[in-house]
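Presented as structure tokens, the chain that follows is alone, the form predicted alone.
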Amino acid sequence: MAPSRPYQPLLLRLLHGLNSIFVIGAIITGFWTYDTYDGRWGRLPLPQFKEIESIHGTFGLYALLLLPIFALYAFRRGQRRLIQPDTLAKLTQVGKPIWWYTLHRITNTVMLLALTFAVFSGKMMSEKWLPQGEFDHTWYYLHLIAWAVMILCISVHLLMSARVGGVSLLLSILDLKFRPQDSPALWSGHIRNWLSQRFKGTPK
């Protein structure tokens, strides 16, 4: 009998899906922007599309706006998918399943940090630099590094996910079905409960 597909919370799937669209869109348009204006370290035969920088910035802005929500979810409800207090101890169990799970959690954590680095370095750039041929700004170099790091992180993230959960784990993030207790109709109540607990006892 084939193993059952693991269940991923609906909110995680939505945030992960939107974040993936924005990040992958930013990566593709980011290279196209580099190819159009810079190209010092190699080019592809892409059309010279001057408006691509604005499109890249739009993807980056959406990723920036979603990042706080995604990070809040990751560090609260998704905490078990990130680095744990006993991570270093588990890394000594090389080759065992827990070792792979730990590497997967480290990869997820690094992904969040890399995304933060990418959107922050992009925010620090001026949209005038590249059209004016100003390529020697520190933030531009840092943003290029962030672009390369994001590609590496996504590749390792996919490999670790496949190693830990196989194809079923990769496909579970695309599943459209959800359990009754995971219904969006309940989210407003969850938010109210969280806010009431968060600010319980706060002086008025």
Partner chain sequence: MKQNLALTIIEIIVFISIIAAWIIPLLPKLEPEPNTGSLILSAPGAVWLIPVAAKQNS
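This is a predicted model, so every value here is computed, not measured. Positions refer to the first chain, counted from 1.
Separately, the form predicted in complex with its partner chain exists; it is not shown, and the next lines address it.
In the model of the complex, its partner chain sits beyond 4.5 Å of every heavy atom of Thr107. In the model of the complex, its partner chain sits within 4.5 Å of a heavy atom of Leu82. By the criterion of a heavy atom within 4.5 Å, Leu113 is counted among the residues contacting its partner chain in the model of the complex. Interface membership of Ile28, defined by any non-hydrogen atom within 4.5 Å of its partner chain in the model of the complex, is ruled out. For the options Leu64, Ile55, Val164, Ala146, the one in contact with its partner chain in the model of the complex, meaning a heavy atom within 4.5 Å, is Leu64. Heavy atoms within 4.5 Å of its partner chain in the model of the complex map, among the stretches 168 to 176, 40 to 48, 64 to 72, 150 to 158, onto 64 to 72 alone. Although its partner chain is omitted here, in the model of the complex none of Arg5, Tyr7 and Ile191 has a heavy atom within 4.5 Å of it.
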